[in-house]
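Shown here is one chain on its own, the form predicted alone, set out as C-alpha coordinates.
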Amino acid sequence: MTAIEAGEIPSAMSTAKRRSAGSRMAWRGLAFAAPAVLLLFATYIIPIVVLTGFSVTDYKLGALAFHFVGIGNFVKAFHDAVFLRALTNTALYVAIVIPFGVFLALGVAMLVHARKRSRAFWEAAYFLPVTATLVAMATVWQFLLHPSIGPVNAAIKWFGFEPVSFLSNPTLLIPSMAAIGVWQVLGFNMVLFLAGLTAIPKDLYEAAQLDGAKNPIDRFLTVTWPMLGPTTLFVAVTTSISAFKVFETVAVLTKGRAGSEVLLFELYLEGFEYSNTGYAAALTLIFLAIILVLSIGQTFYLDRKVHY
(Lines give C-alpha, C1' and ligand atoms only; values in the text may rest on other atoms or scores of the structure.)
Protein backbone atom coordinates (compact mmCIF):
# COMPACT_ATOMS: atom_id res chain seq x y z
CA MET A 1 0.00 0.00 0.00
CA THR A 2 1.45 3.34 -1.03
CA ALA A 3 1.65 6.37 1.28
CA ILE A 4 -1.06 8.15 -0.74
CA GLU A 5 -3.44 5.20 -0.40
CA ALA A 6 -2.73 4.97 3.35
CA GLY A 7 -3.59 8.65 3.74
CA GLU A 8 -6.82 8.33 1.76
CA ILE A 9 -8.29 5.71 4.14
CA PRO A 10 -8.23 7.91 7.31
CA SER A 11 -9.52 10.82 5.23
CA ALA A 12 -12.48 8.75 3.97
CA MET A 13 -13.18 7.52 7.50
CA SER A 14 -13.19 11.08 8.91
CA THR A 15 -15.54 12.19 6.11
CA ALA A 16 -17.92 9.33 6.90
CA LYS A 17 -17.83 10.25 10.60
CA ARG A 18 -18.62 13.88 9.80
CA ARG A 19 -21.54 12.82 7.62
CA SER A 20 -22.83 10.49 10.34
CA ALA A 21 -22.55 13.24 12.97
CA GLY A 22 -24.29 15.70 10.65
CA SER A 23 -27.09 13.19 10.03
CA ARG A 24 -27.55 12.67 13.77
CA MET A 25 -27.69 16.44 14.35
CA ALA A 26 -30.26 16.80 11.57
CA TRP A 27 -32.48 14.13 13.11
CA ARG A 28 -32.13 15.76 16.51
CA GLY A 29 -33.15 19.08 15.02
CA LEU A 30 -36.19 17.48 13.40
CA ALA A 31 -37.10 15.84 16.71
CA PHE A 32 -36.97 19.20 18.51
CA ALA A 33 -39.00 20.87 15.75
CA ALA A 34 -41.58 18.09 15.54
CA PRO A 35 -43.82 19.30 18.43
CA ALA A 36 -44.03 22.80 16.95
CA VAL A 37 -44.73 21.40 13.46
CA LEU A 38 -47.45 19.11 14.81
CA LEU A 39 -49.00 22.00 16.73
CA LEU A 40 -48.90 24.13 13.56
CA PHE A 41 -50.69 21.42 11.61
CA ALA A 42 -53.23 20.84 14.38
CA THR A 43 -54.10 24.52 14.85
CA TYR A 44 -53.72 25.96 11.34
CA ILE A 45 -53.29 23.52 8.46
CA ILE A 46 -55.87 20.86 9.39
CA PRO A 47 -58.61 23.41 10.28
CA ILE A 48 -58.07 25.18 6.94
CA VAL A 49 -58.33 21.88 5.08
CA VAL A 50 -61.52 20.92 6.96
CA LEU A 51 -62.93 24.42 6.42
CA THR A 52 -62.26 24.18 2.69
CA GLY A 53 -64.00 20.80 2.60
CA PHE A 54 -67.11 22.18 4.31
CA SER A 55 -67.17 25.24 2.04
CA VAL A 56 -67.97 23.15 -1.06
CA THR A 57 -70.92 21.36 0.57
CA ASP A 58 -74.39 22.30 1.75
CA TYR A 59 -73.73 20.78 5.19
CA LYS A 60 -75.88 22.05 8.06
CA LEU A 61 -74.82 21.59 11.67
CA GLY A 62 -76.23 18.31 12.97
CA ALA A 63 -77.35 17.00 9.57
CA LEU A 64 -76.70 13.33 8.77
CA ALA A 65 -76.31 13.90 5.03
CA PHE A 66 -74.97 16.64 2.79
CA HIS A 67 -74.24 17.23 -0.89
CA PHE A 68 -71.33 18.60 -2.88
CA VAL A 69 -72.17 22.05 -4.29
CA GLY A 70 -68.76 23.14 -5.59
CA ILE A 71 -68.44 26.92 -5.71
CA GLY A 72 -72.17 27.35 -5.14
CA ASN A 73 -71.66 28.81 -1.65
CA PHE A 74 -69.20 31.38 -2.96
CA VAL A 75 -71.56 32.39 -5.79
CA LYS A 76 -74.40 32.65 -3.27
CA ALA A 77 -72.28 34.92 -1.04
CA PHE A 78 -71.75 37.51 -3.76
CA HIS A 79 -75.49 37.52 -4.51
CA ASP A 80 -76.45 37.75 -0.83
CA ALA A 81 -77.59 41.29 -0.01
CA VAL A 82 -76.83 40.86 3.70
CA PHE A 83 -73.28 39.64 3.05
CA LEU A 84 -72.61 42.45 0.57
CA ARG A 85 -73.92 44.98 3.09
CA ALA A 86 -71.69 43.44 5.76
CA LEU A 87 -68.73 43.65 3.37
CA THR A 88 -69.45 47.33 2.67
CA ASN A 89 -69.89 48.15 6.36
CA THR A 90 -66.66 46.37 7.25
CA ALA A 91 -64.78 48.24 4.53
CA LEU A 92 -66.11 51.56 5.88
CA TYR A 93 -65.21 50.56 9.44
CA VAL A 94 -61.67 49.60 8.40
CA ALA A 95 -61.26 52.79 6.35
CA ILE A 96 -61.99 54.85 9.47
CA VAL A 97 -60.11 52.79 12.06
CA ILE A 98 -56.80 52.32 10.19
CA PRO A 99 -55.80 55.97 9.58
CA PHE A 100 -57.16 57.30 12.87
CA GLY A 101 -55.88 54.31 14.85
CA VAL A 102 -52.37 54.73 13.43
CA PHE A 103 -51.88 58.50 13.27
CA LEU A 104 -53.72 59.36 16.48
CA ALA A 105 -51.60 56.76 18.28
CA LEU A 106 -48.47 58.33 16.78
CA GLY A 107 -49.53 61.78 17.96
CA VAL A 108 -50.35 60.53 21.46
CA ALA A 109 -47.06 58.62 21.63
CA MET A 110 -45.08 61.74 20.75
CA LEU A 111 -46.92 63.77 23.41
CA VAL A 112 -46.42 61.08 26.06
CA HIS A 113 -42.77 60.58 25.03
CA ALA A 114 -42.12 64.28 25.69
CA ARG A 115 -43.44 64.07 29.25
CA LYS A 116 -41.00 63.63 32.10
CA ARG A 117 -42.77 63.22 35.44
CA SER A 118 -46.27 62.28 34.23
CA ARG A 119 -45.23 59.85 31.47
CA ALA A 120 -46.04 56.71 33.48
CA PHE A 121 -49.52 58.00 34.30
CA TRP A 122 -50.39 58.76 30.68
CA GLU A 123 -49.01 55.43 29.47
CA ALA A 124 -51.23 53.58 31.94
CA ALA A 125 -54.25 55.76 31.15
CA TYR A 126 -54.06 55.20 27.39
CA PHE A 127 -53.18 51.51 27.68
CA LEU A 128 -56.06 50.75 30.06
CA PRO A 129 -58.61 49.93 27.28
CA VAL A 130 -56.26 47.24 25.96
CA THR A 131 -56.37 45.38 29.28
CA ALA A 132 -60.14 45.70 29.70
CA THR A 133 -62.69 43.15 28.48
CA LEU A 134 -64.14 44.30 25.17
CA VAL A 135 -67.64 43.15 26.06
CA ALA A 136 -67.56 45.16 29.30
CA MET A 137 -66.20 48.21 27.50
CA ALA A 138 -68.89 47.93 24.82
CA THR A 139 -71.50 47.94 27.59
CA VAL A 140 -69.95 51.11 29.00
CA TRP A 141 -70.07 52.73 25.57
CA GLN A 142 -73.71 51.72 25.24
CA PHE A 143 -74.41 53.79 28.36
CA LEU A 144 -72.22 56.70 27.24
CA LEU A 145 -73.98 56.97 23.86
CA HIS A 146 -77.50 56.46 25.22
CA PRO A 147 -79.82 59.09 23.63
CA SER A 148 -81.50 60.15 26.90
CA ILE A 149 -79.27 59.28 29.88
CA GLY A 150 -75.84 59.12 28.24
CA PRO A 151 -73.18 61.70 29.18
CA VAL A 152 -72.30 62.31 25.52
CA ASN A 153 -75.82 63.42 24.63
CA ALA A 154 -76.03 65.36 27.90
CA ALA A 155 -73.04 67.38 26.75
CA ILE A 156 -74.60 67.85 23.30
CA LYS A 157 -77.83 69.14 24.85
CA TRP A 158 -75.85 71.43 27.17
CA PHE A 159 -74.39 73.12 24.07
CA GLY A 160 -77.93 73.67 22.78
CA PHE A 161 -78.12 70.93 20.15
CA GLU A 162 -80.62 68.11 19.75
CA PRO A 163 -79.59 64.69 21.13
CA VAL A 164 -78.08 62.29 18.61
CA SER A 165 -79.12 58.64 18.29
CA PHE A 166 -75.66 57.23 17.68
CA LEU A 167 -76.77 53.60 17.91
CA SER A 168 -80.20 53.93 16.28
CA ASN A 169 -79.45 56.02 13.22
CA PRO A 170 -78.24 53.64 10.44
CA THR A 171 -76.07 56.43 9.01
CA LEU A 172 -74.18 56.89 12.29
CA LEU A 173 -73.92 53.25 13.36
CA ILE A 174 -70.68 52.31 11.59
CA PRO A 175 -68.89 55.63 12.28
CA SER A 176 -69.88 55.40 15.96
CA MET A 177 -68.56 51.84 16.24
CA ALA A 178 -65.44 52.86 14.32
CA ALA A 179 -64.80 55.59 16.90
CA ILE A 180 -65.00 52.93 19.61
CA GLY A 181 -62.63 50.77 17.54
CA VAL A 182 -60.10 53.60 17.35
CA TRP A 183 -60.35 54.01 21.12
CA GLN A 184 -59.69 50.28 21.57
CA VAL A 185 -56.52 50.13 19.45
CA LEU A 186 -55.12 53.53 20.46
CA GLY A 187 -53.33 52.37 23.61
CA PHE A 188 -51.65 49.33 22.07
CA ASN A 189 -50.47 51.28 19.02
CA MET A 190 -49.22 54.07 21.29
CA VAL A 191 -47.00 51.63 23.20
CA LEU A 192 -45.53 50.34 19.92
CA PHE A 193 -44.78 53.87 18.74
CA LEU A 194 -43.28 54.73 22.13
CA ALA A 195 -40.89 51.82 21.73
CA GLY A 196 -39.96 53.08 18.26
CA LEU A 197 -39.43 56.64 19.50
CA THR A 198 -37.24 55.45 22.37
CA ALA A 199 -35.02 53.54 19.92
CA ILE A 200 -34.25 56.62 17.79
CA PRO A 201 -30.71 57.88 18.60
CA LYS A 202 -30.67 61.45 19.91
CA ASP A 203 -27.56 62.11 17.80
CA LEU A 204 -29.75 62.10 14.69
CA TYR A 205 -31.84 65.00 16.03
CA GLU A 206 -28.69 66.95 16.89
CA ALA A 207 -27.25 66.31 13.43
CA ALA A 208 -30.52 67.34 11.76
CA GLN A 209 -30.58 70.55 13.82
CA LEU A 210 -27.03 71.36 12.78
CA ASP A 211 -28.01 70.75 9.14
CA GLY A 212 -30.73 73.38 9.37
CA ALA A 213 -33.77 71.49 10.68
CA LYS A 214 -34.54 74.06 13.38
CA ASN A 215 -38.31 73.54 13.29
CA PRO A 216 -39.77 70.53 15.19
CA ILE A 217 -41.86 69.70 12.11
CA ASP A 218 -38.72 69.55 9.98
CA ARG A 219 -37.02 67.25 12.50
CA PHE A 220 -40.12 65.04 12.54
CA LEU A 221 -40.18 64.75 8.74
CA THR A 222 -36.43 64.19 8.35
CA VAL A 223 -35.70 62.00 11.40
CA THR A 224 -38.72 60.75 13.36
CA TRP A 225 -41.01 59.67 10.55
CA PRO A 226 -38.36 57.80 8.48
CA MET A 227 -36.96 56.08 11.58
CA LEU A 228 -40.46 54.97 12.60
CA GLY A 229 -40.99 53.25 9.24
CA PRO A 230 -40.75 49.62 10.47
CA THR A 231 -42.93 50.40 13.50
CA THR A 232 -45.53 52.13 11.33
CA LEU A 233 -45.63 49.17 8.95
CA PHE A 234 -46.23 46.75 11.81
CA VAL A 235 -48.86 48.99 13.42
CA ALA A 236 -50.72 49.46 10.12
CA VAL A 237 -50.90 45.71 9.42
CA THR A 238 -51.97 44.73 12.97
CA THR A 239 -54.55 47.53 13.07
CA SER A 240 -56.02 46.35 9.77
CA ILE A 241 -56.41 42.80 11.05
CA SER A 242 -57.93 44.01 14.34
CA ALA A 243 -60.38 46.25 12.46
CA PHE A 244 -61.54 43.41 10.21
CA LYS A 245 -62.14 41.24 13.29
CA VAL A 246 -64.67 43.61 14.88
CA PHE A 247 -67.27 41.49 16.65
CA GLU A 248 -67.84 42.29 20.34
CA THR A 249 -68.91 45.88 19.69
CA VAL A 250 -71.57 44.80 17.21
CA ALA A 251 -72.74 41.89 19.38
CA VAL A 252 -73.27 44.11 22.43
CA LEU A 253 -74.39 47.43 20.94
CA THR A 254 -76.60 46.46 18.00
CA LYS A 255 -76.78 42.63 17.90
CA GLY A 256 -76.27 42.86 14.14
CA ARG A 257 -79.46 44.72 13.28
CA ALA A 258 -79.87 46.31 9.85
CA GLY A 259 -77.20 48.87 9.14
CA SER A 260 -74.61 47.39 11.51
CA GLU A 261 -73.79 44.08 9.80
CA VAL A 262 -70.07 43.24 9.66
CA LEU A 263 -68.28 40.23 8.25
CA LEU A 264 -67.34 38.43 11.45
CA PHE A 265 -70.80 38.82 12.99
CA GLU A 266 -72.37 37.56 9.75
CA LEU A 267 -70.13 34.49 9.94
CA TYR A 268 -71.26 33.91 13.50
CA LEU A 269 -74.96 34.18 12.56
CA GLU A 270 -74.69 31.83 9.59
CA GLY A 271 -72.57 29.27 11.40
CA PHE A 272 -74.04 29.18 14.90
CA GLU A 273 -77.46 30.83 14.81
CA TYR A 274 -78.70 29.50 11.44
CA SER A 275 -76.50 26.33 11.43
CA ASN A 276 -75.50 26.87 7.77
CA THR A 277 -72.07 25.33 8.30
CA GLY A 278 -71.15 24.96 4.63
CA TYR A 279 -72.13 28.52 3.75
CA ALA A 280 -70.41 29.89 6.88
CA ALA A 281 -67.23 28.01 5.90
CA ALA A 282 -67.29 29.67 2.46
CA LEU A 283 -67.76 33.10 4.06
CA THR A 284 -64.86 32.37 6.40
CA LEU A 285 -62.56 31.57 3.49
CA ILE A 286 -63.59 34.81 1.78
CA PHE A 287 -62.91 36.65 5.04
CA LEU A 288 -59.45 35.06 5.40
CA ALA A 289 -58.63 35.80 1.76
CA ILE A 290 -59.52 39.48 2.19
CA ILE A 291 -57.31 39.80 5.28
CA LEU A 292 -54.45 37.94 3.56
CA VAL A 293 -54.58 40.10 0.44
CA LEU A 294 -54.83 43.31 2.47
CA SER A 295 -51.94 42.35 4.76
CA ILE A 296 -49.67 41.28 1.90
CA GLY A 297 -50.60 44.38 -0.13
CA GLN A 298 -49.87 46.69 2.80
CA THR A 299 -46.59 44.94 3.52
CA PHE A 300 -45.31 45.12 -0.06
CA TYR A 301 -46.49 48.71 -0.58
CA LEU A 302 -45.25 50.12 2.71
CA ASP A 303 -42.07 48.05 2.77
CA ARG A 304 -40.76 49.98 -0.24
CA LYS A 305 -41.15 53.20 1.75
CA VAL A 306 -39.56 51.92 4.95
CA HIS A 307 -35.99 52.76 5.94
CA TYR A 308 -34.47 49.94 8.00
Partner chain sequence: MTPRAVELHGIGKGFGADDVLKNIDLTIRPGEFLSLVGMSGCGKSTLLRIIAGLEQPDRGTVLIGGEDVTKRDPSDRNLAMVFQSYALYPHMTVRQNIATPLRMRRLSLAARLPLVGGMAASSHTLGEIDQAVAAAAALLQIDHLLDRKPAQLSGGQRQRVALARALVREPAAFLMDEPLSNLDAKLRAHMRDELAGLHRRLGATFIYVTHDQVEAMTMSDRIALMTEGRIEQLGTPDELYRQPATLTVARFIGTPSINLLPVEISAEGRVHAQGQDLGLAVADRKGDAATLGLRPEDLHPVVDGLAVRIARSEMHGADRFVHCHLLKDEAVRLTVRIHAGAALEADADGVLHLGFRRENAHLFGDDGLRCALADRREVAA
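Keep in mind the model is a prediction, meaning the values are calculated, not measured. Positions refer to the first chain, counted from 1.
Only in words, not in the display: the form predicted in complex with its partner chain, which the text now covers.
Student: How about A114 - does it come within 4.5 Å of its partner chain in the predicted complex, if we only consider non-hydrogen atoms?
Tutor: Flag for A114 set to no.
Student: Quick one: does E162 come within 4.5 Å of its partner chain in the predicted complex, counting heavy atoms only?
Tutor: No, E162 sits far enough from its partner chain in the predicted complex that none of its heavy atoms falls within 4.5 Å.
Student: Considering non-hydrogen atoms and a 4.5 Å limit, does its partner chain approach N215 in the predicted complex?
Tutor: So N215 counts as contacting its partner chain.
Student: Taking its partner chain as it sits in the predicted complex, is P226 in contact with it (heavy atom to heavy atom, 4.5 Å or less)?
Tutor: Yes.
Student: Here the chain is shown alone; which of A195, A207, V140, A81 has a heavy atom within 4.5 Å of its partner chain in the predicted complex?
Tutor: When its partner chain is considered in the predicted complex, the option within 4.5 Å is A207.
Student: Going by heavy atoms within 4.5 Å, which of 226-234, 106-114, 141-149, 185-193 lines up against its partner chain in the predicted complex?
Tutor: After filtering at 4.5 Å, what remains is 226-234.
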